[in-house]
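One chain follows as structure tokens, the form predicted on its own.
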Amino acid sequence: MQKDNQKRSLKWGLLAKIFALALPYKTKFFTAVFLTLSLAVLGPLRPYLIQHTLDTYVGTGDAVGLLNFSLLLGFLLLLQSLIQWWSTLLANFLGQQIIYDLRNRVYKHLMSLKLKYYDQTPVGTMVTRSISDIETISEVFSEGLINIVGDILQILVLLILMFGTHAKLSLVCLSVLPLLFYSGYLFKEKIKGSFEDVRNQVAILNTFVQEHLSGMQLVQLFNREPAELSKFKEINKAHQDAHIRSVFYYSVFFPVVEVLSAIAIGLLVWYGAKGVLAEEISIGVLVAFILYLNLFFRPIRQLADRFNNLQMGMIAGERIFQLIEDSNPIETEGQQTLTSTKGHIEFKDVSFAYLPNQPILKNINFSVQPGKTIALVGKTGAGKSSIINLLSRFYDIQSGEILLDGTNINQYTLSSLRSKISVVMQDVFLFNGSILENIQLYNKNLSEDKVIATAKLLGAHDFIMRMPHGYHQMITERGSNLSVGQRQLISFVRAMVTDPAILVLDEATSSIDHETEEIIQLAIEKMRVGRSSIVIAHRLSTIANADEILVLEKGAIVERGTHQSLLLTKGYYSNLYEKQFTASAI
């Protein structure tokens, strides 16, 4: 019992959070509430006026009174239509404005999360949260709780008018209400579970489609189309079954309401006709009650849809608030703004693990003097890329400290720290947009002239200008209409145009041809002047001029020195270099 009460209070708390989204628009919100409640009162007034017209003016042959009340009914109908239009427009505007604000809030939150969160959460799930789940919340305002309150108020007004007009007739025709309330309760309980299932299946479907469309080349390369289609059909079938279950409950509930409505009308006609013949009930009352019942059962039918929208909105809201209120995956900010740096980097006894008890780095110690270049070498999984991720604070270390100009990087704000570091990755990611937009990344401080000057320095200008639209040439998603070398050159321009103090190259030349590599190597030599550089290299020939080379194995530094000194030691680096030299000679 205590658990149920706690769960109920949590749901009311969730509802309060959803409606708190409307606080910036409280004038529009309360206006929408007022209009909805006005409709709930105006609707039942028409049967009452019709009853009065029939009994008072039609029965006595008062043509003037009939005309006046007919005009009054016409005015009331026009007023109700205008209020209905205004209420619908205002409620939907409010819902869309809240969607706009909430979607901005969710996207901002997503950008503040640690990379670890993205490592553990499918992209499709986040797409569902930020798109369809938020869309569902708008219906809480346009077709949800406000309308439910309005429907309930209309039912109460109808009950007051009906019992105030004729209590016995009201009891007779409303004797079906216990069955109606019980069927409504069963419907509510069943549909709630089906809605949760629907939202889960939507997230699973989105995740599958997003991942497999992004990896379609791999699917086709390994001839996995039949197997992937079979898996998609399985997921799609689960999604369909979840929707069909919700449709089934509707298909049962609506006929039940119709049958009970017909029974109520039948009881009304039976008892009311007897009353009219016995002159205990007037014709006006009988006609009014028929209209009352139509108005009574209409909101009950609508309540199912309203409750549907409310339930869907509550489920979506719960997921969204769980996302934006979870502070654990949010990146921690320092307080000190890094305005300038010499580029003196130092790792002191740094240990790091992505998963508990599975260390990636073990007591790493090294320093990069301002303007110097350090290279990282090792097998895949040795921890090279992890060092770069830690320097940019994409992950937090378990022990030790990382210093920049003698200050722990945790003390710097993330934006100021990362603004001094430019990283070029092996796997270049380009957005759907122009070449210029992909280089600037919408940074208004980077002029087109500066982009062109940097591109010329790096040798990328010529190939860009060969494009039909030059720097304004549109790039498809992930740069699929460019070669690997062209994408890499664009990423170099993007990294260099910000004039970084620290340059990081994560196997940036491993996927390009030798001609392009020569162009980039010349540019790198120019850009390294006066900058601290960390280079992860697959081709050891590209790091021969590094000031120091660190050889990593299983998360630990096993060798360090210059290219020449490491060759003389005849150790891991020397063996690796000889293998590459022999392979290239062949």
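All values reported here derive from a predicted model rather than from experimental measurement. Numbering starts at 1 and follows the sequence shown.
There is another form of the same protein, the form predicted in complex with a small molecule; it is not shown, and what comes next is about it.
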| item | value |
| --- | --- |
| Heavy atom within 4.5 Å of the small molecule in the predicted bound form - the one residue of D119, E325, D349, D449 that qualifies | D119 |
| Heavy atom within 4.5 Å of the small molecule in the predicted bound form - residue from S491, S386, T136, N308 | S386 |
| Options 377-385, 281-289, 433-441, 172-180; stretch whose heavy atom lies within 4.5 Å of the small molecule in the predicted bound form | 377-385 |
| Q426 within 4.5 Å of the small molecule in the predicted bound form, heavy atoms | yes |
| Residue contact check: F163 to the small molecule in the predicted bound form, 4.5 Å heavy atom | no |
| Contact flag, I146 vs the small molecule in the predicted bound form, heavy atom cut 4.5 Å | no |
| Close approach of I360 to the small molecule in the predicted bound form, 4.5 Å, heavy atom | yes |
